[in-house]
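Take a look at this single chain in structure tokens; it is the form predicted alone.
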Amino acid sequence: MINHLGLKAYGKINLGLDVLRRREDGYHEVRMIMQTVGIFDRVDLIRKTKPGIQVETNLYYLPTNENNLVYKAAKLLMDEFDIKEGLTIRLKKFIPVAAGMAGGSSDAATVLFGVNKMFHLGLSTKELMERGVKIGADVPYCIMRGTALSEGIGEILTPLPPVPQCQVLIAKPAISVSTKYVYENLRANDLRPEQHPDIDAIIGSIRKGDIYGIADNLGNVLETVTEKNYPVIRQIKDTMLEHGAIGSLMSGSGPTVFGLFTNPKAAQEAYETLRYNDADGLAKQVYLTNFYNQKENRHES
């Protein structure tokens, strides 16, 4: 019997994000290149005899009831398999919240993985992914991890070869961005062709193991909305490029920005500029990490 699991929930960035159209059901069809990075939340699952799901977090403003995706994930499986025992979920957040890095989705994916293992439910990765999409469009990818092409509303996933390793600088400014607002104000049909990222070019560079080709083709169509409303995003990108990034992009709907570096010294200097020496206070949270290329079933601490 497993009474405790210590797990890691890794964040993601988008190396490319294109929106093809808005569907009649309100969802948007996307074509994205997803990549796991080395920033993670810690998720502890503790089995208990008393029924019910209890959520504890290190951030006072996060919900601890059914409005938290980790609660929904646990309840989904515990209801389906009629689990009578209880579960305490201790969530320690490090991935920036509401930042375009799928932190909440990754936490939910990790709980699905953990509940499946703790209670010996026997679900395959594919079966977990099929259930994960009921919680959120990014959850199936967060179960799979690594490098992948994401299509549909995000649930159609094609694994890609691992991206060549480099330093990844991640910076989140002290603003919040509504994903709903960004998508509702995107006018994909009105954009010029060059405003859409070349997803196929990124895939080609990934298959060749060409980090410079990947960096040259980074693109996110949602920047056309978010950058216009929040100029700080462009300022952070420019700062990274000025300090030696081979490419910089906003992740998801923002506001997190990442830069790719092949020179560790330049990456460190850019980190220190944004983290310590920036008089303008561009970034509230700054992390220097790398790509995380492990695939499924690697959630344990």
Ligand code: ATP
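Computed from a predicted structure; not experimentally measured. Residue positions are given as counts along the sequence shown, with the first one as 1.
Keep in mind that the form predicted in complex with this ligand is missing from the display, and what follows is about it.
Contact check for G100, S105 and T179: all three have a heavy atom within 4.5 Å of this ligand in the predicted bound form.
Looking at 265-273, 57-65, 230-238, 44-52, the stretch with residues near this ligand in the predicted bound form, meaning non-hydrogen atoms within 4.5 angstroms, turns out to be 57-65.
Of the residues K117, K93, K75, R90, just one reaches this ligand in the predicted bound form with a heavy atom at 4.5 Å or closer; this is K93. When contacts are judged by a 4.5 Å heavy atom cut-off, V70 counts as touching this ligand in the predicted bound form.
If you take 111-146 and check each residue for a heavy atom within 4.5 Å of this ligand in the predicted bound form, you get just D138.
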